[in-house]
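Encoded as structure tokens, the following chain is the form predicted alone, with no partner shown.
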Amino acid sequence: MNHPWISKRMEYFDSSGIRKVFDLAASMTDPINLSIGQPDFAVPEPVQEAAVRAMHDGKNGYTPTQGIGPLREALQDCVESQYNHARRQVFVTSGTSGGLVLAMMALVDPGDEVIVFDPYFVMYPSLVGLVGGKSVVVDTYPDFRIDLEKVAAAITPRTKAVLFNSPGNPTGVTASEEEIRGLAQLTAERNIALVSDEIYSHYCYDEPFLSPAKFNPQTIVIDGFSKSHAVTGWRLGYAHGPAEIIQQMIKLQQYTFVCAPQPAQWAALAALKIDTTPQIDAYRKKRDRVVAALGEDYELVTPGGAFYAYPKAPWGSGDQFVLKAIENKLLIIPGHIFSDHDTHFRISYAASDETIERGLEVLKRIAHERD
């Protein structure tokens, strides 16, 4: 990046390693693709119909920045029934990624520190850098559990926020109630913003989803419809939190994303009425199949949610092992994309059962094929 016009903030961004695998998949013949982090089931018919109806009814223009009234009201009702916080407000964002960008812009000044947990969603450190902040990484290896003493030790006078994600990407691990309650209380006591990325809240297999907002009313929650209803390309999310913060995020959206796509917002009203239990049950079975198949040859923390598994490479670095998998036409993601460690790799089991079985066969075969 030596062009004189390019800003220094671009140093925080590299072309996503995930995107590179996507590009590789496009160039391969019949790859076994366990890299993609999006559901493989179809968008529910009522949701599709609502989007088409909105387009045919001429609902294609701008909406209020905070989202159409009926959707905001429905989401506000859901939030209030869950938390009953006096000043918790909700608004519609242009995807959960958009919501995260707005949260970081509203909260973090240059020089502020933001705690992130390693492994982390690939965009977290880059977002912090984008707004001039500094990522302070708290390691969770080997079991991907949050050590509250480590978090407390990482807090300094410059700590502004903690970025939290459960169920997690890339590990699929769900934080325990003790971890969630402790983190919520710690951030409240230290007057630190807690941003909870809850995009996988529907995908909890062993116990009900639990948000830190239950224990800390000041928690800023980012959620959306992309994963729950298989509409990743529609860019439809929502955020809720203290009214003072939400109003600033809305102001920023007005000058950046403007609003979420209108037809998708009307479709979201239909999505709120859809029971996704059958899809979640199917993904639980996929999870169980992956864990059972890899148990003998891989060190693997059983994922409690999302649709990822994060095994440790049985030999070599994570990168070296992924190269061997790609030689066998299996596309997976090297762990260093999400981590300061190069020891693991990510599998997405958001795929057909046939694709999963093909991928598991390759993984069992190459577990002992060290170069």
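Please read all numbers here as calculations on a predicted model, not as lab measurements. The first residue of the sequence shown is number 1, and the count goes up from there.
Beyond the structure shown, there is the form predicted together with a small molecule, which is absent from this document and is the topic of what follows.
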Notebook entry, point to check: in the predicted bound form, which of the stretches 221-229, 207-215, 291-299, 180-188 has residues with heavy atoms within 4.5 Å of the small molecule?
Noted result: 221-229
Checklist line | One residue of Val131, Ala264, Leu100, Ile245 in contact with the small molecule, assessed in the predicted bound form (non-hydrogen atom, 4.5 angstroms) | finding: Leu100
Notebook entry, point to check: Though the small molecule is not shown, can you say which of Arg88, Arg287, Lys160, Arg235 has a heavy atom within 4.5 Å of it in the predicted bound form?
Noted result: Arg235
Check: Can Ile199 be called a contact residue for the small molecule in the predicted bound form at 4.5 Å between heavy atoms?
Finding: yes
Checklist line | Any non-hydrogen atom of Asn169 within 4.5 angstroms of the small molecule in the predicted bound form | finding: yes
Margin query: Can you work out whether Thr174 and the small molecule are in contact in the predicted bound form, taking contact to mean some heavy atom pair no more than 4.5 Å apart?
Written below: no
Note to self: Taking the small molecule as it sits in the predicted bound form, is Gln279 near enough to touch it, meaning that at least one heavy atom pair lies within 4.5 angstroms?
What the structure shows: no
